[in-house]
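We begin with a single chain expressed as structure tokens, specifically the form predicted on its own.
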């Protein structure tokens, strides 16, 4: 108990002095969260006090020499797994280099930045200060479960039904055929529920493989040791009219319907809600990442699902300016950064289009945040640069292109990936445009050299510069 009080008091003092930031790095599956945090930490750790910091030239506290040192320190909550920065960097130093493993669970890393104060009144009391940064990483699939907190089992089923079209409808035929044979008013059979839930999970995994990103429940498509627990064995009911819902509600407490409803509620209250209360509601600044390019390779449906998923991500965050009172008692997000990842997979002239597309994808939610007085930004970046810009020539014409090692076959290639739409494309866009937003292997990184990036320093500037005044 004493240690808990001591920890809360320490946090209270830090937040009162505004020298503690909790940054959430969130995003949809395979958007590059782990790469972003690895590069974020790496760029900071390579800052030299009053030295050559050309690798973060857009980050003014480093450029002006006000950052004196940066180091990793022990996190306060020792129950959270440590973010594996060293292992991730080692992947890029290896021969051949490889991408670091994707996020499988929550992790945290803490940095301490010692800096020289500039504008704060506190500089008269103390010339230098330390900013502590806690950075959190967790699977994007967890994020997509947050809407379940405000949905009943019926409401969730109806929401899934509205998304049930196109490729999804084709993939779900076998599973829905089995569900159609059920007597939902009969006494629940544990083995039957387990088997049908497994088929529903297989359906979700197929959707994910086809580029669909609005997957619920998100944890169903992640590997975990608790897969056999009943709380993970339920599925939505589709294509029921109002009278059928009423009939099922009047069925016995041990009916298959009520068991599905019970397990959904348990998942909602025991899996999703604690994650929200323990972590989500405690962040100060938020980064939302999205790979806007890969869905363009798939289909319009995959692209639209990404839009739905993105707009869901920030609905359950607390937004508001960081007054002294809010810093001490009610952590609120005051800066929101939307990142379009894989900016090195397109030519430099397409970066403004990628940023514009990201803005359009989240326009509704982004506009809502701006109305609440939140400072928002949209940036196209590459946390870990895998390609180099080159000038290619074909039929006597020169054009911008990219050079890199293609991930699928390890071949060094030069290609022009195509143009990026600067607004949400119409349905016929996929019939008239061809994309080659290929995946590339990472470049080998020399020992003790910062990770090569594209505009990560702009992200640092937005997220940290004001806290280092």
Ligand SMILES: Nc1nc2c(ncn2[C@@H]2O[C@H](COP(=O)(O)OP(=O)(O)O)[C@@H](O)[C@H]2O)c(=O)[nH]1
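Only a predicted model underlies this, so the values are computations on that prediction, with no experimental measurement involved. Positions refer to the first chain, counted from 1.
Quick note: we don't show the form predicted in complex with the named molecule, though the next part is all about it.
- Screening 99, 279, 245, 132 for any heavy atom within 4.5 Å of the named molecule in the predicted complex leaves a single hit, 99.
- The single contact residue among 383, 339, 361, 212, judged by any heavy atom lying within 4.5 Å of the named molecule in the predicted complex, is 383.
- Considering the named molecule in the predicted complex, the lone stretch of 416 to 424, 63 to 71, 396 to 404, 25 to 33 in range is 25 to 33 [heavy atom distance within 4.5 Å].
- The named molecule in the predicted complex comes within 4.5 Å of a heavy atom belonging to residue 345.
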